[in-house]
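Next come structure tokens for two forms of one protein chain, structure 1 first, structure 2 second.
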Structure 1
């Protein structure tokens, strides 16, 4: 299968290492944002901002900037804005999922409760949107606002459709494009825009980000089923407990025997947890994971095609390497 062909052997480091100096500047800028808040609020914002993540969205914006001719302060700034929006969504996600740890530290809701954490996510959202006005561009502000809206709408729809047997694969893909793909696509598309690239190339890079984000969410959904909390550093199995119908579960419902499907459906309709021992007892479960992985791998193949307009450079090569790195993580979910 083309999607699982190994990439050419390489000796270089993880692709984000190419832009490590710029990411360090992004990190400093994120931590400096706490000064914009009231002193009574600063400690809460600082806790979130000091919990370092992978900074995928800023890295994507910086790499596109490099591939488009040069990284500017605007590429770093859009990366900070999108990362703040992402951090706000994580605060709210943890509340909805009842998660106690993220990146191996207590979540905001575990430390301070849900009420304060909701407001903490809100101030991060509003601050990010305020920062977007620094560009003095209605187009940039609109695209940042649209991306933030898409993320929130995706979460609403996913929450609304928990334990819902009528939820389809098409709806699943639309939800994860909204809740995850939108910010990846904003990072790559807006970076192209800020580099002065034409609308057609911006659209191709937006598409790259959307497909990459969608594949990443499928990986995260598979990881929730097969990952180790000690290794991953966050609370897992929350999708099962909360009745989220992710791609592996939707695949399973398609292929399970009638008796098994009735059993799973009954638990969903009764809003009983779909715990792992039940799923492991179904022969088709492993195949459902495999097919989800293959779907994500094909998206990554399509991602690489979207990079064609950039031409050859170390930065465009790194954007391609990101897809191979994620492919490697997906393959580990088979084991």
Structure 2
């Protein structure tokens, strides 16, 4: 647990605050995307583009830009493109989950039904990939397209392997690298590319984003189990209900007694939701969460090392701060 030995440096501001002006320009640009659409389609796109979001992917692209010689319009643009892909996947996620609200407002499927929402996700998706052609770089287009494909593939495997006892930890890591890591890694890697960094540094920044995204997904998976809905502000325990075998559960299946494992396995095989009280009653449950947190913290240690080629700057410092911020959130998941 090397990650928790060094106390995180004091940082009262969330690291994204450093690039607040640039993020505001991203926000404006996202809203302006509606202009690319047919007037009849605009209102639907506008509804999605006016919803808020943490804009993690744009923030990462901007911070890498700042740390690699200076933020340019290109960094904002790649942020917008990757955020649009992320938004398209959320529109489709909400259909699949039958979700009625996201961030306090009705989802597209709740407002206009599934048929229109499938198409709305598609149109956002195709727009984002078309927008990537503005860079006049085949390399960028290919990497954006590959990242989009990875996200969809990760989601397919996750959907396919629900309630599946043969799902391994290696497969879990592969899925979260695809569904969450790929877009984080595209943001940081492509931002380095757009700053003219060489392929080796681009690969290191890609690796930073991949590990950060993976750690973030593990945090999200732990939060689904240990978080309080009032504090987190979203519906929790959904992974259990949907039969998603996340890292804490896979850890638990590894260490639970034979009798407990048989009990959990039976529910999974019967495709019954895993019930939190059942899990809480298992002695090894807390340790399973702890170990998932430790895994995420180790990823954060590793991704910090990937920042070395950037040298010291307020922006590279903010990229490190993000990892400490997430480490802090992970620590709060401990009992």
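Residue numbers count along the first chain shown, from 1. Since we're looking at a predicted model, the values are computed, not measured. The term rigid core refers to the most C-alpha atoms you can superpose between the two forms while keeping them within 1.5 Å.
Problem set entry | Identity of the form predicted on its own, given as 1 or 2 | Looking at both copies of the chain, structure 1 is the one that matches the description.
Problem set entry | Exceeds or equals 2 Å, Cα of residue 153 between structures 1 and 2, core fit | No: residue 153 shifts by under 2 Å between structures 1 and 2.
For this session: Inspect the rigid-core superposition and answer whether the C-alpha of residue 98 shifts by 2 angstroms or more between structures 1 and 2.
Result: Yes, its C-alpha moves 2 Å or more.
For this session: Could you tell me whether the Cα atom of residue 28 shifts by at least 2 Å between structures 1 and 2 after core superposition?
Result: Comparing the forms between structures 1 and 2, which are aligned on their rigid core, residue 28 does not shift its C-alpha by 2 Å or more.
Problem set entry | Cα displacement of residue 41 between structures 1 and 2, core-superposed (Å) | After core superposition, the C-alpha of residue 41 moves 2.6 Å between structures 1 and 2.
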